[in-house]
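The data below hold one chain only, encoded as structure tokens and taken in the form predicted on its own.
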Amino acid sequence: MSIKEQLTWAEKQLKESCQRPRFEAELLLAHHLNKERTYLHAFDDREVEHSELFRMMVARRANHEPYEYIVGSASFYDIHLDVEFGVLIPRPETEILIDLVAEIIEKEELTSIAEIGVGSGAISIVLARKFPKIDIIATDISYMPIRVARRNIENFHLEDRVTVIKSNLLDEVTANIELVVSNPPYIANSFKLEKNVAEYEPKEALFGGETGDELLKQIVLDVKARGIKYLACEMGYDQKEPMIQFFGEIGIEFYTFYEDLAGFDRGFLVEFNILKEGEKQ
């Protein structure tokens, strides 16, 4: 079958699983052929070699498997990252978190930060590329994201400045840290996710407890206890009010929330009141 015929067939297969079935059919075929999408239109009469492999990819996507897992790569910020089953696919809204953290790093001239929940390594890699003088320790509790993150870090030749360790939150981090950034699990256990997320992406990277904000609160407490000045966290769209209440309960005065591009509450920045030696509360 020709490129044109394969795309027509694939589009029909993807109508139930994709909002833009033709577009995703083109993405999959372009990946299969190792060509740009423009090639498909310029040479649509050419035969597709090894078409059975392409049809297997389409079948996986028709079953709601995320495109990124099928091709083994995710586009994020200005880079492409290896991803695979067991590692959370980086989301566009996390780019906002990175930009806000970058403003703090630049303004305060920070040189040592930590990331909780490294995933694919997206946040740490982008920040390390932006700031050549910064050192980053990234943690995760699962071996799969640690392995994939280390591979991505090596691909960008950042292993001398980004260290990934197995740790629950900051438990194994011994270095002096000036800022912590995290996109932790924050979805309530009972929340029903779409099939492409619920059946494929790692649950430990998605669900944060019965109400969803338990891990967020623990991160705040841990960072506060460690005497680290800044914390930047992504959160759920409905968690602003619970976090405001929590901040009041533990005496946090300086915090701001930010929204994603759709206008939903998406995260918060905290500046802790760190006492200098000799100062009194």
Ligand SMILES: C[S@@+](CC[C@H](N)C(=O)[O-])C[C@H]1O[C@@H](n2cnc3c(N)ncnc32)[C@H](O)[C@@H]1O
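Computed from a prediction, not measured in an experiment: that's the story for all the values here. Throughout, we count residues from 1 along the sequence that is shown.
Heads up, the form predicted in complex with the ligand isn't pictured, but that's what we're talking about next.
Among the residues Thr163, Ser142, Ser73, Ser112, the one placing a heavy atom within 4.5 Å of the ligand in the predicted complex is Ser142.
Of the listed positions (Val101, Ile136, Ala149, Ile123), a single one reaches within 4.5 angstroms of the ligand by any non-hydrogen atom in the predicted complex, namely Ile123. Taking the partner from the other structure, the ligand in the predicted complex has a heavy atom within 4.5 Å of a heavy atom of Ser167.
In the predicted complex, none of the heavy atoms of Val180 sits within 4.5 Å of a heavy atom of the ligand. When the ligand is considered in the predicted complex, Leu127 lies well away from it, no heavy atom lying within 4.5 Å. Remark: Leu158 does not count among the residues lining the ligand in the predicted complex, judged by a heavy atom distance of 4.5 Å or less. Note on the interface: of 172-180, 87-95, 150-158, 128-136, the segment with non-hydrogen atoms within 4.5 angstroms of the ligand in the predicted complex is 87-95. No residues of 26-60 lie near the ligand in the predicted complex, the criterion being any heavy atom within 4.5 Å.
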